[in-house]
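Shown next as structure tokens: one chain only, the form predicted on its own.
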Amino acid sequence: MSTSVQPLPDCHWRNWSGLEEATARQVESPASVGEVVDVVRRARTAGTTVKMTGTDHSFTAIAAPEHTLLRPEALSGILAVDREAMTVTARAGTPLHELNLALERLGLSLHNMGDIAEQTLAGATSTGTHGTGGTAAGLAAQLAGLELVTGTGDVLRASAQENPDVLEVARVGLGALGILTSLTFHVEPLVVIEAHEQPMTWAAALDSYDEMVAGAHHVDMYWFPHTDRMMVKQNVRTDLEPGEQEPPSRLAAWWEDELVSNTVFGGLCRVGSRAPGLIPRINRVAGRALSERRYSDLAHRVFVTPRRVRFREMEYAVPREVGLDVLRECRRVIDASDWRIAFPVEIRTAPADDIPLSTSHGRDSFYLAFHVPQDTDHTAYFGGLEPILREAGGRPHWGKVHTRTAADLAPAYDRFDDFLAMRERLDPDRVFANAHLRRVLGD
């Protein structure tokens, strides 16, 4: 059993932001679990490595190949629906937006998700992709089971009944424990969300933040640096039946989500890149351009927004109880610097979960995400804020830019050694290793 080897030009790998790139020795496109097994066993015998890519939305080199790169496109689609258990199983290469549409047709929904839906299910869960609020913010916390090919070429299934210790750890596996081939999610009936988006001042948003989080199921805030302007999104689950929602009109959706948030914003970023001194004024214009609106729609249509302006991102999860103070300190440093920050700072919360390498493991979390345009040097900005986030007990998002190493990540996770032990068990020969994983996990 074998897969087709792609021509040499296809061996170049580059992530979405353009920040990381690598060249594989060969590229293959497995269409079955058996073909994945075959590739892994050959690599183990040859002493080489294998990486399964996703849609490359990670800002790090976590999926960078050193020898064999696997493409996920042929491992896509729903495999099973269990309405009694309320679970859905899909192939790991399925993009999240395709799963959302398939679930909608089935009258089902995920509980929560981030605002980008281009990632594959394997990539999104493995790096700890999350939304905000709810009872489970992270996609990995919604997993009921998974199937992966280990570094020894074995097919291993994990659920609450079968290999539960593997499920516990591998939900956020960083691609270090095996190649995920299918994932089973807890799902719920299709839900309609009422969204309220409104501009607020910095002081009003921070003063009312705890009250908003207590009163809404999902709260997301965006602060425009060099201004006192915030955009606040509060989402509340309703009792409306699908079909009773009142989504924004096509014109309103185009105006806010495409023209203002992408076309105009992208143009302003380009102007700011050429003339950084204009950025504070541009941010004031951008902060005033967004208006208040209310609408209701299916959950995935509310959670997900188009992101056509490419960027680089660093995100940290700090303990929820110190989050607002950390945000204030980050603003103090930004205001005192000569940085010119064109992108808003995103603020979210997440409930604690029990996944060993989840950024919300064992504690409610406050997420702070910092961005710059794709063509902007991020090092001074991210490097200037990272010590503040680290000192506050912050944990970096596994799929976003950070400078942490295994030595200083281990103290941030009380089950870091458990993860390393599972890695030793499932990939003793480091078939799935690359330079990035050696940095964050060690050899």
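Numbering starts at 1 and follows the sequence shown. None of these values were measured; they are calculated from a predicted model.
Below: the form predicted in complex with a small molecule, not depicted.
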Problem - in the predicted complex, segment of 154-162, 278-286, 307-315, 190-198 with a heavy atom within 4.5 Å of the small molecule - result: 307-315
Problem - Triple contact flag 319, 345 and 349 to the small molecule in the predicted complex, non-hydrogen atom at 4.5 angstroms - result: no
Exercise for the section: Considering only heavy atoms, tell me if residue 175 and the small molecule come within 4.5 Å of each other in the predicted complex. Expected result: yes
Problem - Close approach of residue 396 to the small molecule in the predicted complex, 4.5 Å, heavy atom - result: no
Handout entry: the small molecule contact at residue 341 in the predicted complex, heavy atom, 4.5 Å
Key = no
Exercise for the section: Evaluate residue 248 for contact with the small molecule in the predicted complex, applying a 4.5 angstroms cut-off between non-hydrogen atoms, and reply yes or no. Expected result: no
Exercise for the section: Note which of 55, 376, 29, 26 lies within 4.5 Å of the small molecule in the predicted complex, where distance is taken over heavy atoms; exactly one does. Expected result: 55
Fill in the blank from the handout: Assert contact residue (the small molecule, in the predicted complex, non-hydrogen atom within 4.5 Å, options 115, 329, 297, 364) equals 115
